[in-house]
Ligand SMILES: Cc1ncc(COP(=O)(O)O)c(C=O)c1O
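Only one chain comes next, encoded as structure tokens, the form predicted on its own.
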């Protein structure tokens, strides 16, 4: 039986609990071991991430009323060495739909009627959209400076959207205070591990589309939404014998907000306090990532390099992508800037893949 397990004290709770975290303060992890990855278990008649539901801890068939065909995004060549996974080809124009589809499915399965979430924009928009589809009342908190287009989309889905003055981390604190004081269900992409059961499908799709895993995979790293899901997916393929070794994983941060880069530099197992500066890469501008110890454990386990994006490189990278027909938001353009920086530091990186995780219209403000 799938259960929540506290990452600090080991306390267990049923996954139907409304507690956002353990009483000791530790975040939940899922005690769930998927079956060995086997292509025969993929439901190839289903054109969404739920074709991989044999490897997800779903309670029932609720997903059928929640899915909007998320996932199954194309991989396109960009040049001889680089491929782009077009993950903004999603219902709400960002990769966050992978996680939101699974998390909202879980919420509906256990009878949640209303939820709240804090976000720089994309995750909130995605949770708002899927909550609207599932008939769940939704409130989203975003920091000031969030893209107006994202705010408009959140409200269009029927959710309330509260703009919180200050930085992204303060926005999270305000939302969590409402969870604590009002008892709202916290449908959050950081706290709730069901979200990562959706983002891990990013890796399953890559394998199914290419029949292999590329040599170099670049993953943006703020709260770790795609990073954790990506590593879970890769570890599952490796433990199942589908791949014989892990690829070179490169984590991406912005130089204006790089707590993991600083932690690795100092050999720490939690992130230190840093001075967060404004950045165009708003999607990864997280100064206090709540799952930092778990993420750092993986960074050390696989000796993952962290590339920091020079702020001045983001807009030129966005322009270079757009001139080739790929219109990405600023944070996503940072993924390409990070790839270029990695090549500058190490030389050619053949067989590389980066994600185009958010559409360009979301940054036009």
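Positions refer to the first chain, counted from 1. Worth saying up front: this structure is predicted, and the values here are computed from it rather than measured.
Note that the form predicted together with the named molecule isn't included here; everything after this is about it.
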Query - residue 220, heavy atom within 4.5 angstroms of the named molecule in the predicted bound form - result: yes
Query - 4.5 Å heavy atom contact, residue 96 and the named molecule in the predicted bound form - result: yes
Query raised in the report: Though only this chain appears here, would residue 120 touch the named molecule in the predicted bound form if you measure heavy atom gaps against 4.5 Å?
Result: yes
Report task. With heavy atoms only and a cut-off of 4.5 Å, decide whether residue 198 touches the named molecule in the predicted bound form. Result -> no
Report summary line: Testing 152-160, 77-85, 139-147, 283-291 against the named molecule in the predicted bound form with a 4.5 Å heavy atom criterion leaves exactly one stretch, namely 283-291
Report task. Sort through 187, 101, 226, 128 and report the residue having a heavy atom within 4.5 Å of the named molecule in the predicted bound form. Result -> 226
**Report entry** Partner contacts in the predicted bound form for 322-346 (non-hydrogen atom within 4.5 angstroms of the named molecule)
**Finding:** 329, 331, 332
